[in-house]
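Just the one chain here, laid out as structure tokens, in the form predicted on its own.
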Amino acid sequence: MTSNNDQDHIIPLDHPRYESLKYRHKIIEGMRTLIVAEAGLIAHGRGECFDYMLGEKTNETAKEAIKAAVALLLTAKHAIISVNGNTAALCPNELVELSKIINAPLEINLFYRKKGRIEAIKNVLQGAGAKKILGLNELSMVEIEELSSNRRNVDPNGIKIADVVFVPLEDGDRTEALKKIGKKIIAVDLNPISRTSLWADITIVDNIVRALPEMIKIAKKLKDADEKELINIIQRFDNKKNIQLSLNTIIKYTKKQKKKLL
């Protein structure tokens, strides 16, 4: 038996790597439709490696980070969700749903600005129900002086004025630059010792395809919570401890697999 979905029809539903291969094909299809840059395939593969070492599941440490991240987004004055090609290809519906729940606009921000990519990402987000998308008009963009890559160009009504920026699947240099100009950064990164993970205020060490649905679930629970409760959640969170626990998870899982070989 195989999947009925055109993009992954060649993957048997009983394949032990079905979920992983399904998302791999989404990335491949995203490259074909200009949503994903060629380098995005390499980045996805690197993430798969770390996901293996995390046991390919959302652990309790990640859930605590997700809860703190949602609380920070809900208490922000101007929260923004930054969208790149891989995120748009993997989970556009979840991005749009989270955006609506926490009332944070989506802003397209790309490292590789190949002609047609912004339009392609805009179309997939609109197809998922997005009503407000920033980062579309390149003529109106402003620069972040601390950054030299194409990611320095941001929307004046989005990342430029945001106090909290959610940057799933991020480049470390931009995370560092945004931190230096006073913004709080929430990142999703399967590598707990990447520059992004180390610079972010809240690092969710998890696969984006699992993290976003969990964020949506938590956001629905917390959206009507008292502000004091949300602030308490944020204040209890320690990102250094979070990263240490994530590294411990990798070590424990790796040792467990090693024992199976003895």
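Because the structure is a prediction, the values reported are computed rather than measured. All residue numbers refer to positions in the sequence shown, first residue = 1.
From this point on, the text means the form predicted in complex with adenosine-5'-triphosphate, which you will not see here.
Q: My question is simply whether K67 lines the interface with adenosine-5'-triphosphate in the model of the complex - judged by any non-hydrogen atom within 4.5 Å.
A: No - in the model of the complex, heavy atoms of K67 and adenosine-5'-triphosphate never come within 4.5 Å of each other.
Q: Using 4.5 Å between non-hydrogen atoms, is V188 touching adenosine-5'-triphosphate in the model of the complex?
A: V188: yes, in contact with adenosine-5'-triphosphate in the model of the complex.
Q: Residue-level contact is defined here as any heavy atom of the residue lying within 4.5 Å of adenosine-5'-triphosphate in the model of the complex; does P105 satisfy this criterion?
A: Taking the distances in the model of the complex, the answer for P105 is no, it never comes within 4.5 Å of adenosine-5'-triphosphate.
Q: Is L90 close enough to adenosine-5'-triphosphate in the model of the complex to count, meaning some heavy atom within 4.5 Å?
A: Yes, L90 lies within 4.5 Å of adenosine-5'-triphosphate in the model of the complex.
Q: Please identify, from 205 to 213, 57 to 65, 29 to 37, 229 to 237, the stretch that has a heavy atom within 4.5 Å of adenosine-5'-triphosphate in the model of the complex.
A: Going by heavy atoms within 4.5 Å, the stretch is 205 to 213.
Q: Counting only heavy atoms, which residues in 170 to 186 are within 4.5 Å of adenosine-5'-triphosphate in the model of the complex?
A: The stretch 170 to 186, when checked against adenosine-5'-triphosphate in the model of the complex, contributes E170, D171, G172 at the 4.5 Å heavy-atom cut-off.
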